[in-house]
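Given next, in structure tokens, is a single chain: the form predicted on its own.
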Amino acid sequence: MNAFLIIVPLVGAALAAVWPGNRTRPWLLPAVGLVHAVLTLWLFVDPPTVAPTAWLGFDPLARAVLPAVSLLFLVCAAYGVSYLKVRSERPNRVFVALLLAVLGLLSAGHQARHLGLLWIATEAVTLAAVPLLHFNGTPRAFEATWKYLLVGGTGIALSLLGSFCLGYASLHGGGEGDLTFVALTAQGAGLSRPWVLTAWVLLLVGYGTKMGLAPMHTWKPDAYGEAPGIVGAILAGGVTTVAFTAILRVRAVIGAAGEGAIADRTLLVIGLFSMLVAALFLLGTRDFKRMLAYSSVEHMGILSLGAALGGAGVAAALFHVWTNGLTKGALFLSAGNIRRAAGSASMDEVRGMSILTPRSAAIFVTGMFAVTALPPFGPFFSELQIVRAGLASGHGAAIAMFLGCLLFAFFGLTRVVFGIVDGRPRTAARANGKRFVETAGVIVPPLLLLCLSLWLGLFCPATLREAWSAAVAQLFPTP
């Protein structure tokens, strides 16, 4: 059954590639997204038994995060129908096909239990996303696409080299070359220490590039700034998530080899560094879509920090995967509405969007407060759990820096957001605003994502918490 999570989207992508109607083709997005979400929910409620030697499986870690990706995609797919109707001047065959292909490849990446298969899936996602970034066809979009491809290509090379090193660590320690994570973890202390540490550095940098951790984040501001809002939402809530779960799987192997303390220290340092870099750039940026990119860098740092704090921190990080993905999706979709109405993404040219796009502006402001951990939205509770895990594990200084970065990020976000929603509309924005109508199709999806973030904060289901605990037990097995 879990294979259908990959097959259905890929079949949908093939169907979109040959579908004759440019106007009806976008409806494949919510249709396939709904089937995928139903299958994911089915497997979440009744998880299958995964064979230890299986290369692919809906294991506890996949169960803990893949439903969030599927839910985000479904809501974004519903938004995509209205978005592509507004952008009827652009052919959407490649866009729809590759968006569905990304969903299938993300499903494969989250379920990959083999080091080589994980690399293939995550790098295929990178390549499939390239044409999506260039959908607008502008020179700046072209530049952003090439930067994403070049920086992402570096991550591809480093993660492949790290995979080779981890495989050699197994062979050097007397293993048989089995690259399933179960076999690598079972070999544990038999893995060659120098090669394990080399592999960890390369894999952390390689998959950290996909996440957008600083200083490997340089592709994010351009890519998120020029990509359509729906693409930014899926990149921020889906593509980065599969890279994070890849790091978690590798971290489990490094821990089994006896080098977990070193791995945790590197995750802690790179997480705090990413948050600091993001906070500083947020204080200076004047582009509200690039602002979302730096916010994503900050939250990838939060995930890295959580992963460094043991089982309780990993559980909190998995919680944050859900809350950040849904909230950031609402921000990207509403930002896309504002960008089309205003004709620009710079606060130097955009003012008074609370008048031109009152509903989108209200969602954008509320989403900004949510993503900066205002209770009772989900990010507040997931970040609170990270703070508790850090204090319980004796990382008081790191938590103090964590809170300081959150404060500066809040200042940067509010500066930009209120700068574009307040005031009187500029002449150009007013003219563009008349041509943009806030229909239900572009308002309901981001509002729904925001409501889901609120729901996770107020009424997080016990089944979700159980899924995160099961994933922690998989990553930190007790002897």
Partner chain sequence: MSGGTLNLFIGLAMGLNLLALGSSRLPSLIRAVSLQGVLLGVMPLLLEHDTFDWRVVLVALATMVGKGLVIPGLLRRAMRAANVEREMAPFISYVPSLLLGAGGTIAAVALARGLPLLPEHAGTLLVPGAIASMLTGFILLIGRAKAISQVCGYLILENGIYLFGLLLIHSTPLLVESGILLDVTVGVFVIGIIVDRIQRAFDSLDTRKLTTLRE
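None of these values were measured; they are calculated from a predicted model. Numbering follows the first chain given and starts at 1.
Same protein, other form: the form predicted together with its partner chain, not shown, and the subject of what follows.
This chain is displayed without its partner chain, yet in the predicted complex the stretch 150 to 158 from 310 to 318, 150 to 158, 230 to 238, 344 to 352 comes within 4.5 Å of it by heavy atoms. Although the partner is absent from the chain shown here, E123, W146 and R290 each have a heavy atom within 4.5 Å of its partner chain in the predicted complex. Under a 4.5 angstroms non-hydrogen atom cutoff, its partner chain in the predicted complex has W55 among its neighbouring residues. Taking the partner from elsewhere, T285 is found to have a heavy atom lying within 4.5 Å of its partner chain in the predicted complex. Proximity of H134 to its partner chain in the predicted complex falls within the 4.5 Å heavy atom cutoff. In the predicted complex, at least one heavy atom of G116 sits within 4.5 Å of a heavy atom of its partner chain. Taking a 4.5 Å heavy atom cutoff to its partner chain in the predicted complex, the contact residue among A361, I247, C165, L84 is C165. Residue-level contacts in the predicted complex: of A186, M401, V269, V130, one residue has a heavy atom within 4.5 Å of its partner chain, and it is V130.
Residues of 176 to 199 placing a heavy atom within 4.5 Å of its partner chain in the predicted complex, in sequence order: E176, G177, L179, P194, W195.
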